[in-house]
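Let's start with one chain on its own, the form predicted on its own, as C-alpha cells.
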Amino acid sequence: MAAGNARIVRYIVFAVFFVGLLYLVSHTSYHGVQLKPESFGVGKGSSTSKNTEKENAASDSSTSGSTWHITKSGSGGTGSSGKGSGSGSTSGSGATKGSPKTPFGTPKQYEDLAEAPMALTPSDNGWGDLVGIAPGPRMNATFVSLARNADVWDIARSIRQVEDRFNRRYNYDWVFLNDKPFDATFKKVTSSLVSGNTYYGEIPNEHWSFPDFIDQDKAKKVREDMKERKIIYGDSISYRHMCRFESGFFFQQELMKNYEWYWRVEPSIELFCDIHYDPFRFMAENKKKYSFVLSLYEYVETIPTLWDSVRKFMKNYPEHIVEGNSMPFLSDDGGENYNHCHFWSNFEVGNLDWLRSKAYVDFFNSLDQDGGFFYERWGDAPVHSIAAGLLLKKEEIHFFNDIAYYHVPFTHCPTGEQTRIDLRCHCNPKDNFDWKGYSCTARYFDLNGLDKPAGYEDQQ
C-alpha cells in the first residue's frame, strides 16, 4: 500500500514538472530573448530601433519636394513609401518629415568615442565576434549610391557584399540617388537587402544639367572630337553630369544633410575580406576626413587644363591651402605641374562636413566656372583627390589596406598573407594593383613616411 502511494506521488510530481516545462516553452519566443540596444551601448540608429525611426520618417507622404524614400516593416518586407521634403533637421526625438532622423546622442567627430573597445587586430578582445549586432557607439553615417533603375541587380550584388562583410553587424543607413524617380522594383529589392534604413532621392534638375554658362556648341564639338579619338566616355553627356554631380552636389542632397559621414558604393563592386571594426568610427577617432583603397594615374586626354584651373584657385584662395598638405602626392615639381595621381573615388569613406566647408565649396565652384566638366571630361576622382591633397593635412587622408575591394578593372587585395588569412579574404594576391607601376599608392606611403607592408616587392 505504501509503495502504491509513493508511485502516485511520483506520478503527480512528474506531471507537475512536465506541465511547467510545457508552459515555459509555449511562452518563450521562438527566436529567444530579445536584447535591448542598451545592452550593447548601441545608439538609436541600430537595427533594433529602426522600425520606430522608419515610421517617423514616413509619417507624411503628402509633403511637397523632390526627395523620395521608402521604409520597411519589421518583417523586412516593403512598407510605406512617400515623397518628403528631406529638410535635414530634427526636433526633439522625432524625425523630420520625409528625411532620415539623426540618431539621438550620435557622437560627433572629435568627442571621445571609447564607450566600447574596437578590435583592430587579432590580438584585441572581440576580434572574432562576427555574429550578432556589434557593440559600441554608432556614427552619424550612411552608405550612398548613385544608381539607375536598370542597375538594380548590380547594386543588389554590391549591397550583399557590404552587408555580409560588414553592415549586418552595424545596420547603417543607405541613401540611393537617381536623376529619375526610383521604381517599385528597385525599392523593393534594395530595401529587402539593407539591414539599416533605406532612403531614395531624386536629384534636382539643376544638379544634373548643363549650367547656363556652358556653350552648348563648344561642348558638343568636344564630345565629337573625343569620340573620334576613342577616349573612354568621351562622347557621353550623362557621364559628365555624373562627374560634376559627384564632385559638387551629392553631399548637398536633402537626404545627405542629416549625416556627418558617408561611404560611397558603386554597382557591381566586391569586398573580399571581413571588416572587423567600424571604419566610420575609425575615421572619427583618428581625425581622418578622406580615405581610399586604390590610386592611379588619370587619363591625360580627359584633363588637359584641370591643373591650370587648380593653380588659379590656389592663387585666388591661398587661405584654403593648408600647411602640411599632400602636394608631393600630386606634383613632382612643387605644384608647377600635375603628375595625374588621384585616389579612385568609386570607393570613399569620408567626412561630409569637410565637403560642405567653404574651402571645398569654393574649390568646386572655381573649377566648375571654368567649364572643364563639359569642355573636357574632368572626373570626380581627380577633383576629390586634388581637393583632399591641398585642403587637408596629409595625416587626414587614410589608406584602408584591410578593406579588400574590386571595381572593374582594378583590385585592392591586402598585402601580407597573414593579413588575408586573419580577414578571411578570398581575393587573389596576384591581382593586387597597389604596387604596380600605374599605381600611385607607393607615393602615399613615401609622403607619409610609412613602411610598405611585408611582401609588397612580390606584387610589383
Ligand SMILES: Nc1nc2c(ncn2[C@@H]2O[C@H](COP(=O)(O)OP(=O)(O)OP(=O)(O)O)[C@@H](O)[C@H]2O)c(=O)[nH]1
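Residue indices: 1-based, along the sequence shown. All values reported here derive from a predicted model rather than from experimental measurement.
Quick note: we don't show the form predicted together with the named molecule, though the next part is all about it.
J.: In the predicted bound form, does each of C341, C440 and F445 have a heavy atom within 4.5 Å of the named molecule?
T.: No, because C341, C440 and F445 lack any heavy atom that approaches the named molecule to within 4.5 Å in the predicted bound form.
J.: N337 versus the named molecule, in the predicted bound form: is there a non-hydrogen atom within 4.5 Å?
T.: N337: no, not in contact with the named molecule in the predicted bound form.
J.: Does any heavy atom of L146 come within 4.5 Å of a heavy atom of the named molecule in the predicted bound form?
T.: Taking the distances in the predicted bound form, the answer for L146 is yes, it comes within 4.5 Å of the named molecule.
J.: At the 4.5 Å heavy atom threshold, is Y239 in contact with the named molecule in the predicted bound form?
T.: Y239 belongs to the contact set for the named molecule.
J.: Does any part of E266 reach within 4.5 Å of the named molecule in the predicted bound form? Heavy atoms only, please.
T.: Judged by the heavy-atom cut-off of 4.5 Å, E266 is in contact with the named molecule in the predicted bound form.
J.: Could you tell me which of 326 to 334, 147 to 155, 276 to 284, 252 to 260 sits within 4.5 Å of the named molecule in the predicted bound form, going by non-hydrogen atoms?
T.: So the stretch in question is 147 to 155.
J.: Looking at D370, D353, E298, D179, which has any heavy atom no more than 4.5 Å from the named molecule in the predicted bound form?
T.: Comparing distances to the named molecule in the predicted bound form, the residue within 4.5 Å is D179.
J.: Which pick from Y233, Y375, F210, W307 sits with a heavy atom within 4.5 Å of the named molecule in the predicted bound form?
T.: That would be Y233.
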